[in-house]
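First, one chain by itself in structure tokens, the form predicted alone.
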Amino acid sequence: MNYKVDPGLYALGHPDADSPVFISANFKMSFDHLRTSLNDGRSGWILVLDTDGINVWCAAGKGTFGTEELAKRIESSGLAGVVKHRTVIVPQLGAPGVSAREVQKRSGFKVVYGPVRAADLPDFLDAGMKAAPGMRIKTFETGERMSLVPVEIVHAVKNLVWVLPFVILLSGFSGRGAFLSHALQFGSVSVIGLLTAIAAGCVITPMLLPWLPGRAFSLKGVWPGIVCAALFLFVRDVLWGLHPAGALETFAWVLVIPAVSAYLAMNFTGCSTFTSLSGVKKEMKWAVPAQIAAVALGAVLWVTSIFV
């Protein structure tokens, strides 16, 4: 999660003064995807910008993959003395942060925007650095959305680990009988409830994203959360043979699971093709306070249900 490439100029294969120059971020996955796409025997130069380990698209939005950094890196790397031509190939997703006109004015190098996907670079180069229509389109299909799921689950589970000891400890006070048996029995059920919330926000939401009602991602995440909360309570009461959840515990899960799901769903705004920074900020102003309030109230109801 913190794997950076040192900024600077790198040789790919056996480049010479006429070889193309590709611009990349110092996020290692971006760097490796670029190298892999050109592993058909091609040679070139890769100029890596310092984006603080952030990928091209996100860094362009935040300004670290930008005009200033590109112009400075061209100068500091001595690129003008390495190649005869004066052209650099910038990923299309880096365009929001790079002004081609300003870069040429400051460095003398012309910016050519490459395709969206690094995998299309060979065809792009063979066509004389001309992009076919499909190379300019960034899709967000089911497979692409689901490829993000493992990272989101890891982040969510890491945060869950901090909560687990308190959940299991408090569960020991549920009902009558041995503290340890209640902690294990009801604690495990509560952990499954929280994992259900993670599954709703990190798995089901991106899978069904285009078909979920609402424009805001937080709203889209609420619907899987509601369904998963109902399913969890049904399984808890009917299939596991536990005593039925009381009103307080029921309301607790109805609040917590959709709220957590909605919060986790918002993580996908940064990688979608149809959100904007201003829109995300606007959504967070009302969505995050509502999510915090729902989780806080749900936690109070859950704890209260244990002791009443």
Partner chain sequence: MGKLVYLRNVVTLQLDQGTCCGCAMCTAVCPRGVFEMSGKRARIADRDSCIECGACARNCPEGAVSVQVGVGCASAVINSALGRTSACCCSVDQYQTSGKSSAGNGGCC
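This one's a predicted model, so the numbers in the text were calculated from it and none came from an experiment. Numbering follows the first chain given and starts at 1.
Omitted from view is the form predicted in complex with the partner chain, to which the following refers.
The partner chain in the predicted complex comes within 4.5 Å of a heavy atom belonging to residue 113. Residue 85 falls outside the set of residues with a heavy atom inside 4.5 Å of the partner chain in the predicted complex. Residue 173 falls outside the set of residues with a heavy atom inside 4.5 Å of the partner chain in the predicted complex. Not displayed here, the partner chain is kept clear of residue 46 by more than 4.5 Å at the level of heavy atoms in the predicted complex.
None of 185, 92, 107, 77 but one reaches within 4.5 angstroms of the partner chain in the predicted complex through a heavy atom, and that residue is 92. Heavy atoms within 4.5 Å of the partner chain in the predicted complex map, among the stretches 186-194, 118-126, 163-171, 132-140, onto 132-140 alone. The putative spot formed by 15, 20 and 40 is not touched by the partner chain in the predicted complex; no residue has a non-hydrogen atom within 4.5 angstroms of it. Residues of 215-237 lying near the partner chain in the predicted complex, listed in sequence order, are 215, 216, 217, the criterion being any heavy atom within 4.5 Å.
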